[in-house]
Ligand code: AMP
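Given next, in structure tokens, is a single chain: the form predicted alone.
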């Protein structure tokens, strides 16, 4: 059965999702003028390019079986879909922000009756209801940070990553409402009908996500410090140690290391006398 997969049609989420699928082994046949559909070479897949905010609805309705979108959009839609995988990109936060001149630094200081501009009205309502605050929500489609400065709203609820756009517009973060990242979603019905196909795709994508934070390290290590080197290179199931032809004083050690440990690990291996250290990227790691 054909597995229908939806990815965002533009932006960083789109680029990252397509890269993820390609590294997972899907030969997506893209065209310069990307259309709604793309075939996958020699595989029973169909990729659809949709607006990120529409993907949740299309997955929920069964038009597509699996979708890649932002967790913030899933939470805002509040539809019955299942998150099957965090994808570890597209990280951002939904925050309440106020003009610096307002003096507001906590939600408790927000006056009842305040007007809040946002493109996430459902999440904003839920947030202020939890805080027992009576506010007016006005829905906008973009550039929320300018709303207080043109008199449209008193404060905003909006997505931020670094927060630089807020600071540029003289806005202050008051509180984080939710954290988001790109996720892979499906439904119970899709799993019932295409469970094997979906599980195989999840496993393939998960292997790429896992590999992104790892590097493959190879080094020639003196035999007399091998035990110390093993302590630096835990690997997946432990490092691989191999003999080097015509050398009885050195062995070749191969291991998978965390990307954020590569610098310290290489420095420590050099101190032990390791040579020929090679670091390589990994496309996939299948447990």
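These numbers were taken from a predicted model, which means no experiment stands behind them. Residue numbers count along the first chain shown, from 1.
Keep in mind that the form predicted together with the named molecule is missing from the display, and what follows is about it.
Mapping the unseen interface onto this chain, residue 239 falls outside it, with no heavy atom inside 4.5 Å of the named molecule in the model of the complex. Shown alone here, residue 180 lies within 4.5 Å of the named molecule in the model of the complex, counting heavy atoms only.
Using a 4.5 Å cutoff between non-hydrogen atoms, residue 25 does not count as a contact of the named molecule in the model of the complex.
Although the partner is absent here, residue 13 lies within 4.5 Å of the named molecule in the model of the complex, judged by heavy atoms. Stretch 70-78 is the answer when you ask which of 70-78, 198-206, 184-192, 132-140 has residues with heavy atoms within 4.5 Å of the named molecule in the model of the complex. Shown without its partner, this chain lists 92, 123, 107, 166 as candidates; in the model of the complex, only 92 has a non-hydrogen atom within 4.5 angstroms of the named molecule. Among 160, 174, 211, 87, the residue placing a heavy atom within 4.5 Å of the named molecule in the model of the complex is 160.
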